[in-house]
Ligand code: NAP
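First, one chain by itself in structure tokens, the form predicted alone.
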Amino acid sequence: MSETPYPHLLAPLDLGFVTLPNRVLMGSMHTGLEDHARDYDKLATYFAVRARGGVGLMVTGGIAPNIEGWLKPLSGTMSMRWHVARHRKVTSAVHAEGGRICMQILHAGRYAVHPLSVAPSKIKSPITRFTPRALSSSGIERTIRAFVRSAQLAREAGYDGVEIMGSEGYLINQFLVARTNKREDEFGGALENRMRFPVEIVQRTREAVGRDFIIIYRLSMLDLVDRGQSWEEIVALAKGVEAAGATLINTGIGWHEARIPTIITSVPRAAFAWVTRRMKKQVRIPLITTNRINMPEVAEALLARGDADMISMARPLLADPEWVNKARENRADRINTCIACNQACLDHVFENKRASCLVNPRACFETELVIEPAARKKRFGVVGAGPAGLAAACTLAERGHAVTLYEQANEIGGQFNLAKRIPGKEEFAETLRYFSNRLHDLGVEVRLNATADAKTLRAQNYDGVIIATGVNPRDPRIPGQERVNVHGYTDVVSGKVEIGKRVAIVGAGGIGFDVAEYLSQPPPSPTLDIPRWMHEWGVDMSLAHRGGLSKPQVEPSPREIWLLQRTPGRPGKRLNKTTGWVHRAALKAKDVQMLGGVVYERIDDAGLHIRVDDQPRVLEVDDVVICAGQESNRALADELLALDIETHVVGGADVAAELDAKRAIAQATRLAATL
């Protein structure tokens, strides 16, 4: 009998010239630390921590092979010998921990956000404002040489290999399809010509670096864009790349301009592994599968079934660098699971900020946010067991302090207990499972159903009190809102009230969108139904159509819904960059009516009376749900401060900002690290 429940996941992988200790690849993810030499000490620690956590092989964020290939001005580059020294910091740190790491070579092509961008043809991307210059034949040759030289320099810097980025709609991908390649020379037109660019890159790289160097090719197995590759073309490219000398083929899903979500929370776990499984029949070299694989049991099932030879995860290892070690030690219930929210990782990168993680604010800040034993052990009371209170209590206890956590409800979690009930946000329950176990392991005294008042806290004589009492719903003061058919969002999402067939939602912030998704979905399926999700978004699982696209088959909403906001403009405009468009698209597909610039006049028997563009309207609805924002609940903090008790306020009690768990957890962790 195996000593581990994950025998396939933890099995070594023999690549011929090197054996990887397990089947976990930390996939490429840009952090922002790659772009400046001053940050490479931080980047080295970031990777070293994950190597120590047991990852079999890691891949850096994208590194450009030349200036034209930059994602943005001054992006990370490996093109000159003087670039090698900074990268040696990374490889030395990883190797010191017994790990292995590859450098990803990424040429942005028309996705570049700078005026030097190039592409196969002069065709602007819909997601950037610069029109690229079409590469000449000599320009293509220079670009191939740049890829090869970058790989040679990576080897000189101590990397164990490279990943050639051929997916997600970047330059190599752009050569492969007619939507971006209108060339009529030897690199355009027929399939063998369009394939020439990636195949020559792999072949000439292999010749330059020798046989004992890992070359991963990131292959777009599903473009998810109009006029994308056919399955037959993708198979032909995979075979061409294999013959050219690739060691491994990694799965890429979707171009960045695709209008189908591929990695956010609402995407089912391992939703795209079926594509890798289909490719397994076509090539002999090991295949890596990816996208929304965040727990060991999911990865184990994929490998056991033969869907892939290796599992790629990036964000799950931001969330918990000890992921592999915990799986090996049969402590998967202690994993701090990635909830695929994108709020602190991808959203930060798109805002030119350093990436981090909502559930682990130490990610990419390992050298700055250091959790060290306290010089003097103290006693702390923490009031409120929402995300901020949980983060504060655990961090304080981790440092050796004695902590009592007070929560007036009968369970920990605060507003996360509502979030986990929203369709597509079920992962939030994983965070609460993690914190529950963490509280237990650290010996935090948890008092549920406990209202902590100033008198009680003063009597305990704590060295300090952390107030994490969260928020209260804001009162919109609409005449008639006291009626029985007007409800707060907490009662609706918790299932305390029944909602009729026609409903108006007052407030179109993050909570309003969550409520709209909750009310627009049919009853949940008893099992995770990947085909059902694919039909909903228009993904062709037969791969009979180019790009893997088919007509979406949206299940109608069981209700007629209006989503309203006071401020003019499009509702949802302020939602997070990488996920907001998904929420807007999902509700539009459900025929949810979204209105901005709404004036609320009254609620009566006729319905909700509003004005839009100074024109009166009556929405004849059965129910009205109030999602009009929040106000900080800090009355207790003010009482304690008046009593001269050392008091710190975190989370929503400090700033009410649409249930901003990212800010709340980071603020609480940073505070607790200093007390």
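From 1 onward, residues are counted along the sequence shown. As the structure is a computational prediction, the values presented were derived from the model and not from experiment.
One more form of this protein, predicted together with the named molecule, exists but is not displayed; see below.
- With the partner removed from view, the residue among 627, 640, 26, 33 that has a non-hydrogen atom within 4.5 Å of the named molecule in the model of the complex turns out to be 627.
- Listed residues 88, 474, 483, 277 were compared with the named molecule in the model of the complex; 474 is the one with a heavy atom within 4.5 Å.
- Annotated contact segment (heavy atom within 4.5 Å of the named molecule in the model of the complex): 567 to 575, selected among 567 to 575, 160 to 168, 96 to 104, 373 to 381.
- The three residues 512, 583 and 600 all sit with a heavy atom within 4.5 Å of the named molecule in the model of the complex.
- Residue contact with the named molecule in the model of the complex: residue 660 places a heavy atom within 4.5 Å of it.
- Residue contact check for residue 516: none of its heavy atoms lie within 4.5 Å of the named molecule in the model of the complex.
- Contact annotation for residue 154: none of its heavy atoms lies within 4.5 Å of the named molecule in the model of the complex.
- Using a 4.5 angstroms limit between non-hydrogen atoms, residue 343 touches the named molecule in the model of the complex.
- Residues of 416 to 435 that come within 4.5 Å of the named molecule in the model of the complex, judged by any heavy atom, reduce to 425 alone.
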